[in-house]
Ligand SMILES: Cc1cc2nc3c(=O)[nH]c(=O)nc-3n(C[C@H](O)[C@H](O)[C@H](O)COP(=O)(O)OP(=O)(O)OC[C@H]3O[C@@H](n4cnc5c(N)ncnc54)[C@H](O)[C@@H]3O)c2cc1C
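This document starts with one chain, in the form predicted alone, laid out as structure tokens.
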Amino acid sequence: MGSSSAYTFAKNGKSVLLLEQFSFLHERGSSHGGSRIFRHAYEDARYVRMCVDADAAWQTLEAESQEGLLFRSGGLDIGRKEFLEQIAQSILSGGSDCDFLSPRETTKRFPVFKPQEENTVLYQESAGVLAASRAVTTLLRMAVNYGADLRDNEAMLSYRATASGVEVTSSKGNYQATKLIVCAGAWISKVFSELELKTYVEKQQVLYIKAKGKDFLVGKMPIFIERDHGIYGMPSFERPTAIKVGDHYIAPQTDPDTRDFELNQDIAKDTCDKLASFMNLTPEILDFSTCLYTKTPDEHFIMDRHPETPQILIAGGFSGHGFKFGPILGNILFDLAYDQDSTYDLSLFGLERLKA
């Protein structure tokens, strides 16, 4: 989100300094790794409209940078008919397309899946895989191309409002600016402790499950979300003989400064058992990785001005589903920073709803 903001503000002719408390592309936060799901499928049409615009924005970034970032695979949502009908309606009203498949049709078309007979399957052709770390690198590279100054291993220690904007004190110096945009990820509530935001941090883990054969490749196997249990995954992309799988619902809360990077074996087993109930494989874990979700109670984002110092913008609480929106989140923050009308309903993302 910080990389997207730096890219957007610099592209719009602003003088930009980006501070990163760790090294660029570190693995202590939420945006690292080889892949993230991209989809238009949301039960809220407001998100669908944002996804459609993000789709176009990723394609624009690809053309600008000459870098491949979004790889189409199609996408499946598996679950109860009533819930998927709501998602389908939102997809259509948000300006995208989808189709329903029966469990039998799903298995015939995608042999690696075996949905239960009581389930409904929603298919969306536009879904796919985003090359995550490559996308962050590209945003940073293009920010530099437009004149941004990037500095890592430099933490913001404090900030204060000034007559002309804001002053930031970092671990290496002091800076003056007219605007401050804080995209602090799992540290957002610590940075703005005075606001007592109702956010919490989860330690998520993803599993790389052994999966050999062409049916598991991008273009053959779609990304998927099993809605009843929150199991999600994507085809073989980062690893030649493994698919990536996670559990959106079950994760322990943690502190970003003291969290561990170990595999929780009980959660991993539960994930594998649920996966085996709707996929034609016997799950064997080849590897794993961990990341952080910074969640709000309603799992909507935070994108708003600081209530006391409006020259400071706060972006966080992306709740495990924000990455796909990358480039347009920078646009939203730019509009907020310069009091421009947004094309989106920003009431979803206001701070007021999160105060303790």
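It should be emphasised that the depicted structure is a prediction, and the values quoted were computed from it without experimental measurement. Numbers follow the displayed sequence, beginning with 1.
If you look for the form predicted together with the named molecule, you will not find it shown, but the lines that follow are about it.
For the candidate spot formed by Ile37, Ala184 and Leu292, every residue has a non-hydrogen atom within 4.5 angstroms of the named molecule in the model of the complex. In the model of the complex, at least one heavy atom of Phe323 sits within 4.5 Å of the named molecule. At the 4.5 Å threshold, heavy atoms of Phe278 stay clear of the named molecule in the model of the complex, well away from it. Heavy atoms of Val206 reach within 4.5 Å of the named molecule in the model of the complex, making it an interface residue.
The shortest heavy atom separation between Arg46 and the named molecule in the model of the complex exceeds 4.5 Å. Just one of Val144, Ile285, Leu263, Val191 comes within 4.5 Å of the named molecule in the model of the complex, counting any heavy atom, and that one is Val191. Listed residues Ser30, Asn331, Ser65, Thr296 were compared with the named molecule in the model of the complex; Ser30 is the one with a heavy atom within 4.5 Å. Checking 111-119, 270-278, 76-84, 198-206 against the named molecule in the model of the complex, the stretch whose residues place heavy atoms within 4.5 Å of it is 198-206. In the model of the complex, the named molecule lies within 4.5 angstroms of at least one heavy atom of each of the following residues of 126-157: Glu154, Ala155, Met156, in sequence order.
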